[in-house]
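Below, in structure tokens: the form predicted alone, a single chain.
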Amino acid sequence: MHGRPRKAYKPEEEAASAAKAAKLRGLQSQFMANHHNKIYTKEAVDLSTKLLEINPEAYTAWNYRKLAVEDKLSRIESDPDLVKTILDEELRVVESALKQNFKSYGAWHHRKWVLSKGHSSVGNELRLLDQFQKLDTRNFHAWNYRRFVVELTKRSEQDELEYTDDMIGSDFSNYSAWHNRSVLLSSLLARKADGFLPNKKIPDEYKLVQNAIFTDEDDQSGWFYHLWLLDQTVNVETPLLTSSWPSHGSRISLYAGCSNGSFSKLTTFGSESGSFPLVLYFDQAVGGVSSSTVTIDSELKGNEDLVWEPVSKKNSQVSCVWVARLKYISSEPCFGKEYKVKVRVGNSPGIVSSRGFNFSASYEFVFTAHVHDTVEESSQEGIVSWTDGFDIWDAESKDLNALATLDRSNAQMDSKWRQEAIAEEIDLFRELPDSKIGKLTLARLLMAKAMISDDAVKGVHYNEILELYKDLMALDSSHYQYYKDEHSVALLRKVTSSTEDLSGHLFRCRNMNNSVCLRLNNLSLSRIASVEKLLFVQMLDLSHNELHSTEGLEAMQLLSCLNLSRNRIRSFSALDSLRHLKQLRVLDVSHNHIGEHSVDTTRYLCSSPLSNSEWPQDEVGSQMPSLATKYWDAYFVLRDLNLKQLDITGNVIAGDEFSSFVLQVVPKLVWLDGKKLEI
């Protein structure tokens, strides 16, 4: 274990082990009889002591002793001295067990339980811990227990921080001490204790960890702490609004139903329901987004009390993405007019991050909605092609500035000290000899600098980051997929870092009312990122990449057409995020790996949800129970979509049986695998 080879036992050692096992079995048999019969005599309790001296991991014995202690305490009068004597005996037994096995979970938990009774002195605990931690300075059980004792004794976090100084000073590789330091600093920085302001303390911490890294660059402890510091440097505690759709100053063209006509170069949006999504994207998961915390000022009727919903998994009430649907068709005529819509986010308190911090940087954005007369639905619905009818985006056009909101969060954070701290680290790590962890840290530092830099220098940083991850993929094949994912993230951030870079991938689709199409095909992407800057995109081409999942696309609420052909998607479970896209009408997942693997990890880890009677089934699930169970992952994804065009050719799952199943689950489907269905 932990790289230590096993050694063969000598004959005398095997004999001693066998004798110990025989004694243990005898003690266990007697102990279990006492436990089942609820015998808590002195002899019975002493027997459990002997058992724990041999095997400190006997959890049942520790639980038995708790019951025995409760029994004794219930039989005596309120005598503090007698209570203390009983509990001190338990502490003695725990100490003896820990000498046998310093990493015994049961022993440490039992000691916590004894101290929580409130009758034992906690003053000796820190002295005892000092003795134990000299034997093993990195033992995380002792560090966890130390935090428990510190809380009981009300010892100051500053004193504990000094203790980590001593422990790290004597051993740079003490990961537990570094971890405890991060816990303490997080608390001190959060409450802005005296002398603990981020712009002052974090640069000092960089200097401390540099000593560890440059003393022994092969030790991982300092690197992990450096990564934590970088996270503290880049991220802010209070949630920020990163982007929105519509964005501030934008003009959108709204119509009802479907259209054959060609509208202006505005963002054109049509909906049979007569509403369009308002999207708020925060830099971290938040809750409390409602009509009281987000107010709408508009002449469009029927939007007084909008319902905001989080776009999240498992019905969580916190999310980075929140959506409301603004009505633009009502009983009153409103066609052929322009309407100003003003949205105030954080108008009143209530938006709170999942970590408990309030949204305080209130923001207001205004956009113009032009409502067209209803356009009659086309009687002939043509197939959507990904090759014909696209116009190149005018790179000199100012349309994109009105569509995309880029890097709004940077203006809301104090970035000067952050930029200086990161710049110093970059200069320092460039001097470090080539190493895997050094290259990885430099890539992370450059990424952090790019995130808080001006557009003019971002491209340079991203180019170097991409080269570093290419080097790492070649140097360290065991972590290839991680580097590949990070390379994809850096590439997408580069593409979205400026309107100039982004416009090179944008097109207008003439056959889809000049819908905005983003082409990110043939980029070897294995992960999706930067979707907060792509909320305006209506058609997305991700074909010929290496994607395993669509996670992240749920934020793109305007998406109506999605091309995922020729990727590495292995099951419909990987498409789960698409269930949130209410506008999605065209989906191409052809030539993936769906159905290729006989054992789907999702299927293996949990049985079909259809086997649980609490799952609601629709008419299709009731009429085709065997197929719905066989294709349950496809069933739960497809039944929530309103697709009109679907391509699944080139997957093992494709076939007559699955096609007939799809037709039942998606009744409004018009095109399947390039062929028009007979209705």
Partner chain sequence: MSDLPPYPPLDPTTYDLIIVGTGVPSPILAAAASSSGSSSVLHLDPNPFYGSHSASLSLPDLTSFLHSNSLSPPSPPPPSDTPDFLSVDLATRSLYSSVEIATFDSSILDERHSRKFNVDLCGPRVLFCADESINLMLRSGSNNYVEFKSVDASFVGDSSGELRSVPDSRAAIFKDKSLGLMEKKQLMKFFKLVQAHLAASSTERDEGVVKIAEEDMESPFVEFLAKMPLPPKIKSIILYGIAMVDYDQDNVEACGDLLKTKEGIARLALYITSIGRFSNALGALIYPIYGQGELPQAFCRRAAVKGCIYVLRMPITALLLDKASESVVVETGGYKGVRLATGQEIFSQKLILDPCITVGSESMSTLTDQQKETLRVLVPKSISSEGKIARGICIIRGSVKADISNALVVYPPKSLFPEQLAAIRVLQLGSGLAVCPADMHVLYFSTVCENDDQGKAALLSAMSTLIKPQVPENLQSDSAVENDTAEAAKPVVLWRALYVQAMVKGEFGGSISSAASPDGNLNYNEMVESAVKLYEQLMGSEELFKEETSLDNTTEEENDGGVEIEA
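Residue numbers count along the first chain shown, from 1. The structure presented is a predicted model; accordingly, all values stated were derived computationally and were not measured.
Here the subject shifts to the form predicted in complex with the partner chain, a form of this protein not shown in this document.
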{"property": "Exercise: residue 320 in contact with the partner chain in the predicted bound form, heavy atom 4.5 Å", "result": "no"}
{"property": "Contact flag, residue 168 vs the partner chain in the predicted bound form, heavy atom cut 4.5 Å", "result": "yes"}
{"property": "is_contact(residue 339, the partner chain) in the predicted bound form, heavy atom dist at most 4.5 Å", "result": "no"}
{"property": "The partner chain contact at residue 173 in the predicted bound form, heavy atom, 4.5 Å", "result": "yes"}
{"property": "One residue of 471, 130, 217, 420 in contact with the partner chain, assessed in the predicted bound form (non-hydrogen atom, 4.5 angstroms)", "result": "217"}
{"property": "Candidate from 208, 193, 523, 460 lying within 4.5 Å of the partner chain in the predicted bound form - any heavy atom", "result": "208"}
{"property": "Contact segment among 495 to 503, 241 to 249, 423 to 431, 511 to 519, judged by heavy atoms lying within 4.5 Å of the partner chain in the predicted bound form", "result": "423 to 431"}
